[in-house]
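Only one chain is given next, in structure tokens, and it is the form predicted alone.
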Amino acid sequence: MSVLARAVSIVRLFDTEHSVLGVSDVARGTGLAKPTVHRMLGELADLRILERVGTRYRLGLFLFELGALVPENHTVASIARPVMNDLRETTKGRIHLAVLDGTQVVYVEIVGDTKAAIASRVGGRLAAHATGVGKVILAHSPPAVIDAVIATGLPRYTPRTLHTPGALLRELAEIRTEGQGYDREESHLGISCVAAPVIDPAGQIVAGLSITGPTRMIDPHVMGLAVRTAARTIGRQVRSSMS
């Protein structure tokens, strides 16, 4: 790997469950030699990408500063936030706004109970094929994007995860027809969602919006109408802000 690729592989190891890592942790996670890891961790800390915590490291404030400049987070999320708050009040669900990055979705805004048993957070990632927001984005994406997701092998996260190309392609076709998609306990058992696409002025998909909660609380018909309406509202406001 190039030096840049090594640095990125190190930064990617940090998440909510591994917020502070040492040299040995990083060496195991990346496969790099400990002397290389020690040197690179020090350089990343000097650049404020990481921060020293004794002999270990955590993500630095420089990444937070950069994150605030990411266009999807700065524009779509800020436009969507009031609509998401209204959707939360109406449905009592947890509201997600996500964008596609490679074969995964990145959550750029979340409204609702952050203590719910759902492994999502702002800046967090999940596989696109196993999420409602991911599938509504894929349904409106070019074939090459869908092919790239299928090429990952469609890993299963629960027994309900769509894990064959045929099943995924059929569901994407249904989403294009219905205008909404679902996560039927595909990423977390006991948790479901209904999602809708947010479309930009050129008719391109820019985000997915979803209502998530315990399966017993998710009514696909009532909540489907609500999330579709909210997604269209955000889409119109995105058009207005870009005109």
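The term rigid core refers to the most C-alpha atoms you can superpose between the two forms while keeping them within 1.5 Å. Everything quoted here is computed from the prediction, not taken from an experiment. So that there is no doubt, residue numbering starts at 1 and follows the sequence shown.
As for the form predicted in complex with the DNA, it is not shown, yet the points below apply to it.
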Handout entry: Residue stretch of 50-58, 195-203, 210-218, 175-183 approaching the DNA in the model of the complex, non-hydrogen atom distance within 4.5 Å
Key = 50-58
Exercise for the section: Decide whether Ile191 counts as a contact residue for the DNA in the model of the complex under a heavy atom distance cut-off of 4.5 Å. Expected result: no
Problem - Contact label in the model of the complex: Arg6 to the DNA, heavy atom within 4.5 Å - result: yes
Exercise for the section: Determine whether any heavy atom of Thr30 comes within 4.5 Å of a heavy atom of the DNA in the model of the complex, and answer yes or no. Expected result: no
Handout entry: Contact test in the model of the complex: Val23 vs the DNA, heavy atoms, 4.5 Å
Key = yes
Practice task
Determine the residues of 79-105 with a heavy atom within 4.5 Å of the DNA in the model of the complex and present them in sequence order; the list may be empty.
Solution key: none
Exercise for the section: Superpose on the rigid core, then tell me if the C-alpha of Val20 is displaced by 2 angstroms or more between the shown form and the other one. Expected result: yes
Problem - Core fit, then Ser9 C-alpha moves 2 Å or more between the shown form and the other one - result: yes
Exercise for the section: Taking the rigid core as the superposition reference, indicate whether the CA of Gly29 shifts 2 angstroms or more between the shown form and the other one. Expected result: yes
